[in-house]
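Only one chain is shown below, in structure tokens, and it's the form predicted alone.
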């Protein structure tokens, strides 16, 4: 293992240029977001530049909606690039220039072998226990034969004459890495002069964009030797490489959908905050060397170093993700948290905004859009301040924003539907429950509207509980009658928000279950 001095040479400010180069063939994966973050942090720590390059040469699988998703979600988590967005589909002339250069130097050639021929070659080699690689059938075709085939529009690809040699490079994460290129064969680098494949296009782009450090997942490590050989053939400088550890699920298998959401957009939809995602991603393969767990993006830039990126796989711990999200939710102001929660209530069909004019756009959840909302079921108008009270009593319990639906739906329903067994505290009989509900109605009815406050409600009802000798016999039926749930916020907070009329109505509805 190389020492730190050998692995990390002194970097002058501004020399570092990193890039994130996703293919728009799917939504932004959480693992890809981790790669983008590490590139961004390394560049910013060294006062360098971070580049975003969309690798959309796969015309069949690349979709505009995936590209848009990548751009939007990078911005959402706070990762901004320093130059205009690069797209490989707009750089065909550049690739053509370098492909022609390789053809002229005879370090690349046209291959006209059919898929059937290639499969036969593969099977024959494997039957003899040899590694499957191209047998160079087309490598020695004369210029006349090549021209004849091209003029006849015979299907072809372009192959690189891979020199057989040891490829050795220093990986900033893994240390010294060696490959034997004789096992590769002559790899395909382009379908034609305007359609390069990944290994060729990435080499050209990294050179043209002056990329100094290629930081990517270790699944791309096997591509590195052929890219280094292409750099040498084209006379390019070689960037530094750093291959990040894989991300595994909690069962130590490759992270997949069965471990939960895998796209950044899905985590956002579930109600994870952008600062949570950033903090969580940073610890997937890196640690600060201290017990500190909470980092803002700015503090990550200050503390990040490649020296502390681990070689071993990172484990995706959903419990830690929930812990971090709960922490950041608790840091939100009541106004901001309510603003973030309202869209979930609207989408669920519990609320709808009341716009002051027809000119407001149909976008929900922002205080600048609507200060009033309508309960869909009852058509009752509620203010933003009312919703803030509803959200506030659950701020300590929320692990993700989407949970606000199940926790608070009781405030947006006219009648609750639940099993009467929920009203029972321990071994209470139906008659005892009925008597408690009647007593609650009697006591609460005497409280004036002006005195309907949490503290006053608590003082009065706790006196009644002391008379019975078991506070659970009062508080459990009351809380359940008001919420219809096994768990919720306290009955006094809920009763205060519901108000006297709705509280008494809920108790009466609960009593109807007993009769």
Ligand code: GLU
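Residue numbers count along the first chain shown, from 1. Remember, predicted model here, so these are calculated numbers, not experimental data.
Omitted from view is the form predicted in complex with the ligand, to which the following refers.
Interface residue among 69, 458, 464, 55 relative to the ligand in the model of the complex, by the heavy atom within 4.5 Å criterion: 55.
Note on contacts: among 220, 197, 234, 428, the single residue with a heavy atom within 4.5 Å of the ligand in the model of the complex is 220. Although the partner is absent here, residue 16 sits far enough away that none of its heavy atoms falls within 4.5 Å of the ligand in the model of the complex. Contact annotation for residue 79: none of its heavy atoms lies within 4.5 Å of the ligand in the model of the complex. Among heavy atoms of residue 21, some come within 4.5 Å of the ligand in the model of the complex. Contact check for residue 216: a heavy atom falls within 4.5 Å of the ligand in the model of the complex.
Here the chain stands alone, but in the model of the complex its contact with the ligand, taken as any heavy atom within 4.5 Å, falls in 22 to 30 among 61 to 69, 22 to 30, 474 to 482, 449 to 457.
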